[in-house]
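Coming up is one lone chain in structure tokens, specifically the form predicted alone.
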Amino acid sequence: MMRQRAARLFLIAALSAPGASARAQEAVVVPSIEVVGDPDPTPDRTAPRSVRGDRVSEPAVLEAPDGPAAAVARLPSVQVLSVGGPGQAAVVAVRGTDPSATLTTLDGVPLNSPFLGGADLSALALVPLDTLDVVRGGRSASHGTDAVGGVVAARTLDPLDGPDTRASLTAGSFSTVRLKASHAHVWEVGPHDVGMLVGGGLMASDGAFEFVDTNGIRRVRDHSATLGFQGMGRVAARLSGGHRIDGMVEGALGRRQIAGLEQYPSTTARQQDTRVVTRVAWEGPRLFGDSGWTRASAFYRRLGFAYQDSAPPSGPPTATTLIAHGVGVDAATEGRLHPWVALGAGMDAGHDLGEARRLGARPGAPSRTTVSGRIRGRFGPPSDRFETTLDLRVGWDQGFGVRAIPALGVRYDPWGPLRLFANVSRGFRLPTLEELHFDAGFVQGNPNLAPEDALTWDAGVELGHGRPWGVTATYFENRVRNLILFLPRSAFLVRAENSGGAVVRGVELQARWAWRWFDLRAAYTFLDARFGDTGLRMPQRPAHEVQGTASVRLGPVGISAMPGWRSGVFLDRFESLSEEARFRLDARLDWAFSSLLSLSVDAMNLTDKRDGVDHLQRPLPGRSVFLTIRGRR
């Protein structure tokens, strides 16, 4: 009995972490907001235009109450795992993968936890973001491991775009207050331009809300308050000869009360997350060919996670501290050798050093190192009517040897608004440090794990490319081998294992239409994710999901309605526990008083559904309303 209680306690602690959703395997729709899409986004120079992506850049969207996580929740094949409530953890999974197989970056620096796998997007709510790009499809050949499902790339404001001053104040339900501000300034220093950006913010929420439990009884979800701080500085210089240098220092601190499961609530569990990111980068002209570019960067990143519960619902007190120090370097170049041919090459290396301390256990210091080289070829006529992109990465990962990771993308525009595209790639996800080395006696990692190995491909058609209207249909498929799961090996042991494979296939449909003052967007995702050995559905993946946005703008006033529906899901891998289908309706009112001042009112979950639960059966909040005032000059 004590072992079972201790196991429950471990699951409450570990799965309350942002990256722990990598093993929870579910995406719960969080309050969603309007997404402003780029009809042909090119998030970075490593993504071919055959790869489908969406760009969020509207400040009102990026600064909505739920922050960046809500900004991507309305995109097809993008699922958000959220604990619920402002400031609580939220991670993203793309195309049926786990969050640990979706790479998240901030200005190119990976934010996925080497210990826990996923990256907490809610921790970026106070960062002065410029854009948020979501690229669907395997990108391991360009970005390295952990990009099997796709990439979420967050970018901060460019100091050289100044002068620019921004500030916003949000207040609303759950006694939530958020304040963030940034200022960018540019100086002309001789023939050069030098820009500086400083920004920061704070957020506080008591997190308490009413909900309906599994027995139909109204209760209050308390002990879920959050408090967060963030600050950053960024300097950039544009030099003669096409050179640019860039430096950034960013840090964040978040403190959360962890309410625990509905069945086992806690009034003493607390969690603290810290982040420090530093980066220096250089970009310059081509090294060869008629046109092109060259760039190099280096970063240091520290991610900290601390959880403690002095009086859990059952079992002894617990405390866990995980700290990951990471360094990385990257260099790449590309040049056009012929009007039809551009070639590129690059290399990168990274090292993660972990510190793991648990109450009653010996401390550990796991580490891992990766080194890889890559080449790329882009082939297509100057008319840009079609393009073929070939990527090949050869990487060495500590403890896992050498592997080749190829990718091929094809894009063809046979006629005006019609575009055809297809991609195929190999992807890898390295086991996390917890999956390799965790040891709590009854729950253990496995140092003999093999990386998850995936073959991903997609193909589709877009009608209306470059037009104010359009329809896009995409079929995708991920075939994963060596799937990593924590499985019971006996009545007294749960261990990480390579548990065979899985097949994830689906269809994405997107439609958009803009006419004068009216804008309509809709997305539908069909997802069929099954374990290869049993044929049972993988838990927490809805088979059907529909998202929509209908907006009307009359002068300075805009009104948006954002409905969303998903089908029911299984909550366990045996298809014995399920959660019903869910519909929610969000709305927003925007009022631009002038070019300097605007106001937004966000009303979420207007149907006031209070019996919804997240991927661990923790209650989700009902109706909420937030007011945001933004200023810019």
Partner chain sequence: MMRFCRSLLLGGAALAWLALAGCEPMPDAMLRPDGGGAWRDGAAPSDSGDDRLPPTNFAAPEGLAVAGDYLVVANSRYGFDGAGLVFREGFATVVDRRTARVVNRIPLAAKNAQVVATGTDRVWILCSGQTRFDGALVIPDGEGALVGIPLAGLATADAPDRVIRLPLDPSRPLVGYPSSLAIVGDRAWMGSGTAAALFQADLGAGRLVRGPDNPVLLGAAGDQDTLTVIPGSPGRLIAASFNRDRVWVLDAVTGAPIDGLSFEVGVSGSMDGILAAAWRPDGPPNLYLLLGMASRIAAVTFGAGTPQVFGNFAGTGSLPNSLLLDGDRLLILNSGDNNVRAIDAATGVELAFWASLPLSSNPYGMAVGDVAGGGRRLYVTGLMSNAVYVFDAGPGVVPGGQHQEIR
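Bear in mind the structure is a predicted one, so any value in this text is a computation, not a measurement. Residue numbers count along the first chain shown, from 1.
Separately, the form predicted together with its partner chain exists; it is not shown, and the next lines address it.
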Checklist entry - Is residue 312 one of the residues lying within 4.5 Å of its partner chain in the predicted complex, judged by heavy atom distances? => result yes
Next on the checklist: Under a 4.5 Å heavy atom criterion, is residue 574 part of the interface with its partner chain in the predicted complex?
Outcome noted: yes
Item to check | its partner chain contact in the predicted complex: residue 168, any heavy atom under 4.5 Å | outcome: no
Next on the checklist: Taking its partner chain as it sits in the predicted complex, is residue 518 in contact with it (heavy atom to heavy atom, 4.5 Å or less)?
Outcome noted: no
Checklist entry - Non-hydrogen atoms within 4.5 angstroms of its partner chain in the predicted complex: do 249, 264 and 357 all have one? => result yes
Item to check | Contact assignment for its partner chain in the predicted complex, among 551, 367, 274, 370, heavy atom within 4.5 Å | outcome: 274
Checklist entry - From the list 491, 557, 404, 287, which entry has a heavy atom within 4.5 Å of its partner chain in the predicted complex? => result 491
Checklist outcome for this item: In contact with its partner chain in the predicted complex (heavy atoms, 4.5 Å), from 158 to 166, 469 to 477, 336 to 344, 534 to 542, is stretch 534 to 542
Checklist outcome for this item: Contact check, 314 to 333 vs its partner chain in the predicted complex, heavy atom within 4.5 Å, ordered by sequence, gives 314, 315, 316, 317, 318, 319, 320, 321, 323, 325
